[in-house]
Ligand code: AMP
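Before any questions on binding or motion, here is one chain by itself as structure tokens, the form predicted alone.
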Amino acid sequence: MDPRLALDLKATVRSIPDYPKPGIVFRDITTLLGDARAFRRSVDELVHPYAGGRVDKVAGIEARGFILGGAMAHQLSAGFVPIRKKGKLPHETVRIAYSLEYGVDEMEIHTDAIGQNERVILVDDLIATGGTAVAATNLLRQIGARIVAACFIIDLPELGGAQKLRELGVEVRTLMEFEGH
């Protein structure tokens, strides 16, 4: 990606110091989403390498991954699949527990959301330590998905999450990086 574009998009992300705890700088993409031009450009840049290729589904991680994933699925003419927190899906699910920077959680997906060997792009707003994205990758593979890529607006490279996904054989696409937490 053109570094000028990354700087332009970076300017639309709000940084909130000491949230959710002291020493953490929270990268808030709601300001990017509220800027029509930045939102459109972000989605366009995330889907660009996969346009014209075969993508069956886009799987979005709750909650900001839903916003990005729905827009990406629309542009790719693919289906959208939500990966939700435990207890939020009404049908038969598969669940996985995972560690977060701030504790432990569980996520789940409908067992029939993705067919065997369907080509899936995983999406969320940010990759930090990789706990959520690695768990989502394992969950998708458990139900038979072939992961084309994992896409994020923001990477926090010092925390190593993108590298963990690459070590699992997943292509990672991000639009910008921020230093620190």
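One-based numbering along the sequence shown. On a predicted model such as this, the values are computed, not experimentally measured, just so you know.
Note that the form predicted together with the ligand isn't included here; everything after this is about it.
Student: Is T137 one of the residues lying within 4.5 Å of the ligand in the predicted complex, judged by heavy atom distances?
Tutor: The answer is no: T137 has no heavy atom within 4.5 Å of the ligand.
Student: Should C151 be counted as a contact of the ligand in the predicted complex, where contact means heavy atoms within 4.5 Å?
Tutor: Result no; C151 lies far from the ligand in the predicted complex.
Student: Examine A11 and determine whether its closest non-hydrogen atom to the ligand in the predicted complex is within 4.5 angstroms.
Tutor: Looking in the predicted complex, residue contacts with the ligand do not include A11, since no heavy atom lies within 4.5 Å.
Student: So in the predicted complex, is the ligand close enough to L156 to count as touching (4.5 Å, heavy atoms)?
Tutor: It does: once the ligand is placed as it appears in the predicted complex, L156 has a heavy atom within 4.5 Å of it.
Student: Would you point out which of 127-135, 33-41, 111-119, 49-57 contains residues with a non-hydrogen atom within 4.5 Å of the ligand in the predicted complex?
Tutor: It is 127-135 that comes within 4.5 Å of the partner.
Student: Across 60-79, which residues bring a heavy atom to within 4.5 Å of the ligand in the predicted complex?
Tutor: Read in sequence order, the lone residue that approaches the ligand (within 4.5 Å, in the predicted complex) is R64.
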